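Starting off, we have a lone chain in the form predicted alone, written out as structure tokens.
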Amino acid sequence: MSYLLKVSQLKKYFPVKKYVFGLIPKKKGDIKAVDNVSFEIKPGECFGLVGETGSGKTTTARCIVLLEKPDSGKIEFEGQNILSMSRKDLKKVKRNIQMIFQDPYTSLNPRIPIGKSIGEPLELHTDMSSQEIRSEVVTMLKEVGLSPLHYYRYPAEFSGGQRQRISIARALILKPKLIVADEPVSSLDVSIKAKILNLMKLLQTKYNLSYLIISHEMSVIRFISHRIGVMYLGKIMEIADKRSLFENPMHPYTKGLISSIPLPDPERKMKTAPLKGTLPSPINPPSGCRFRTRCEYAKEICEKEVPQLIEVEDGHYVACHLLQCS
């Protein structure tokens, strides 16, 4: 088995209702948050999922950790479909899939000391004594760059960067195989971002972790990922290793995202114009290729047929009629 996690044809729609006479609910449509998404994550790999806000990245992540129940598709972890598991078997898998949330403050209980919050997964998934749990928590605090003296402090006493370190410690405490990180540095300033990303890379090497990193920042994804998937309006547009994606982007959407990365040299000109227009409504997405309403290369076929994600080069997958018809 060459993969740790395999997502196949994952679909998650959210019903939208309107109320007739303000009382009777009537279905208006569906928000097509995730629409037939497929990708794999190898052991020890960091897979980045990038796209604009509203592209379905976070919903994909929440489906993988089962905070949202997918409508259809398969999520295989170590070869087993976790969507068809019994509750007992699922509990064993859950300890190997942990999540780091976007806002570390809201993901921590403000009334519980951080030592208690970090140790809580050990109480739920192990038979360790309270003294053993405390010892594990103290060790993990040191691993993420915090002091054992912080054990009895509350979340409000920490900075944003420190709270994110606490969230990382809580995700790591069970020694999982996969960590899903939803915008782990988006709420931090630039200097703190670098420290947290470097910490995550260090911990990945030390514990042989696999990451699924969700972000809308191409620079963050470029720094930490091995392979990258580009999402737009619920669909995967391109998947490639980091070098191929940034040196030879093939989908017009990917090119637009890369061109939006600020250049350190003001004299240099961008190879591609930044993205124009706004994200269409996920309730009523465009027919055919969902990016066609913002694509300068759109043709008649783009309106009629949904492009399939095909391998155009070794390990480089693209869903674009321009490449498939050429």
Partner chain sequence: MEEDMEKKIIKGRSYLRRFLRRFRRNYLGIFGAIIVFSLIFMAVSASTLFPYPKPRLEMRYTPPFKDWSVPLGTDNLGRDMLALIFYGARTSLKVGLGSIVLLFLFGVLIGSLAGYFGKWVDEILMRFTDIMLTIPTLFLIIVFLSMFEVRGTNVIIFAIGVTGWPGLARITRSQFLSLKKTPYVEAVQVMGGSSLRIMFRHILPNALPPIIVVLTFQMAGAILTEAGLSFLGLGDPTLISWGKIITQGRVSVATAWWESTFPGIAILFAVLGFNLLGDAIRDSFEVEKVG
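Residue numbers count along the first chain shown, from 1. Because the structure is a prediction, the values reported are computed rather than measured.
Beyond the structure shown, there is the form predicted together with the partner chain, which is absent from this document and is the topic of what follows.
**Asked** Thinking of His251, Asn284 and Glu305 as the candidate spot, does the partner chain come within 4.5 Å of a heavy atom on all of them in the predicted complex?
**Response** Zero of three within 4.5 Å in the predicted complex.
**4.5 Å heavy atom contact, Pro110 to the partner chain in the predicted complex** = Pro110: contacts the partner chain in the predicted complex.
**Request:** Answer for Tyr151 alone: is it within 4.5 Å of the partner chain in the predicted complex, judged on heavy atom distances?
**Result:** Because a heavy atom of Tyr151 falls inside 4.5 Å of the partner chain in the predicted complex, the answer is yes.
**Message:** Taking any heavy atom pair closer than or equal to 4.5 Å as contact, tell me whether Ile41 reaches the partner chain in the predicted complex.
**Reply:** No, Ile41 stays farther than 4.5 Å from the partner chain in the predicted complex.
**Asked** Might Pro121 be said to contact the partner chain in the predicted complex, defining contact as any heavy atom within 4.5 Å?
**Response** Contact check for Pro121: yes, within 4.5 Å of the partner chain in the predicted complex.
**Asked** Exactly one of Ile97, Val144, Leu209, Ile82 has a non-hydrogen atom within 4.5 Å of the partner chain in the predicted complex; which residue is it?
**Response** Only one listed residue qualifies here, and that residue is Ile97.
**Prompt:** Even though the chain is shown alone, can you say which residues of 58-77 have a heavy atom within 4.5 Å of the partner chain in the predicted complex?
**Reply:** Arg62, Val65, Leu67 sit within 4.5 Å of the partner.
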